[in-house]
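The form predicted on its own is given below as one chain in structure tokens.
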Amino acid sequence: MLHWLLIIGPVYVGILIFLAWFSRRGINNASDFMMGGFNVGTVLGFMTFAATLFSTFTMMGMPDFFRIHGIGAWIFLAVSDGAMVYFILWFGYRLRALSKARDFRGMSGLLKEIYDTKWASYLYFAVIFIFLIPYVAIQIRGISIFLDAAFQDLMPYWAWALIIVGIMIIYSETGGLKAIMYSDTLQGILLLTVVWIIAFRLLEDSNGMKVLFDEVKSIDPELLSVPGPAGLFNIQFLVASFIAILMIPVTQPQISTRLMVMRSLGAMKRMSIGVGFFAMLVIFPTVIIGMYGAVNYTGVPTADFLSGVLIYEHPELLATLVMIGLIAAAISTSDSQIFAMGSELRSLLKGDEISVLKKTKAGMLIFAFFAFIFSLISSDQLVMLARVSFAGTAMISPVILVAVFFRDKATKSILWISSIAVIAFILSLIGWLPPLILKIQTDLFLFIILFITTALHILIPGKN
């Protein structure tokens, strides 16, 4: 397979270089570099949004999640993503209306202006730093362990991770947001194509869907129902996950930025609908891959399952395309999030645009370094790490929702509410708070408290 990689790999890198050069031609100021000139059309917006959401986490994490925990993973992700599309339309409309007359540079800057305190912007920035760095890291780790398994003894695991980070930084800091979006488009096409080819091949090897699911049932019937063999998909987990995923467009800057840079409200609406369609198309084949793994890779480590089902069971050319697709997915999602964090840093800085842009690029290098370090020490449970990221950022959703929908209620009280929830969630992750509070899963308990206190905050008349 290495000879195919040496042929196709340089072609892919050459395309990235061309896209970075092409994007750089249209950069005349910092807004063009960081925000794509606020002139992104429907097709490009749809592809970049979808590729940012569905990447290494989907192609590598979800098949393994289905293999281990069963069909309930469909409820966990697909149902939640379907609901998220409708929320994108609602939230995106209000956010764009609020920011129409403003120079939108990032959510941090917007919150600082609305709440009239740096506390709001620092809280938001701190939370996305704490919880997005691990999410970036799992993209890097996912593809690195895959490459390490596919090319054993070629180079150490950390070297693969370093190469991925290097390509990501050079590309994004050369061509800006538009270059990332073009890369996202390429990645989305590759991801969707290879995941369906693999799914069809595995179905053919399994003699069809019915036979495959009959074999799964004979091995472990609990894989075909909730809460699954490990009891993960109970009501509390699914509800808490639903809330966390629903809040992704609200709390994660790489998503909210894409809502703002669309050239019109109509383009944003069409983009949102396309994302929902893409979600179903890309998640369904991971069900097939995961169920195939439950039959043929029972009890094996994640790396062995992924390298086997995605590489070794296929012709060399297809295996190489899968590998390129996975590398593209890891780079696409990682640089989108690192770049979004750079945008948030820019919204906090003052000074002339040239100086601010230099500091922003330096900040992105620092963020990438932290992501690289975390990728070396994180676990292989990509989906669960992603869920922690979603849940962690969701703890500050009241700050943003109140600012966007109830601006007159945007006072320091709501900042206290979210700050306490964030601290409590972090304490639960490190084991200083129990996993259950009053027999309720800790993250769900915090979501309930956030909902009640935020609702009271909004309903109480007068100044809060």
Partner chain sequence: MKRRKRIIWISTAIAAILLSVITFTPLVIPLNNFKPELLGMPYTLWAGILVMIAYILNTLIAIFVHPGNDNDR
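Residue numbers count along the first chain shown, from 1. Note that this is a predicted model, so its numbers are computed, not measured.
Quick note: we don't show the form predicted in complex with the partner chain, though the next part is all about it.
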Exercise. Have a look at Leu238, Leu348, Ile311, Ile167 for me and say which one sits with a heavy atom within 4.5 Å of the partner chain in the predicted complex.
Key: Leu238
Practice problem: May I ask you to choose, among Tyr122, Phe151, Trp90, Trp196, the residue with a heavy atom within 4.5 Å of the partner chain in the predicted complex? | Solution: Trp90
Quiz item: Any chance Arg96, Lys210 and Gly276 all have a heavy atom within 4.5 Å of the partner chain in the predicted complex?
Solution: yes
Quiz prompt | Which of 188-196, 141-149, 225-233, 317-325 sits within 4.5 Å of the partner chain in the predicted complex, heavy atom basis | solution = 225-233
Quiz item: Taking heavy atoms and a 4.5 Å cut-off, does Phe38 contact the partner chain in the predicted complex?
Solution: yes
Quiz item: Going by a heavy atom distance of 4.5 Å, is Ile130 a contact of the partner chain in the predicted complex?
Solution: no
Exercise. May I ask you to check whether Ile163 falls inside a 4.5 Å heavy atom distance of the partner chain in the predicted complex?
Key: no
Quiz prompt | Contact test in the predicted complex: Ser272 vs the partner chain, heavy atoms, 4.5 Å | solution = yes
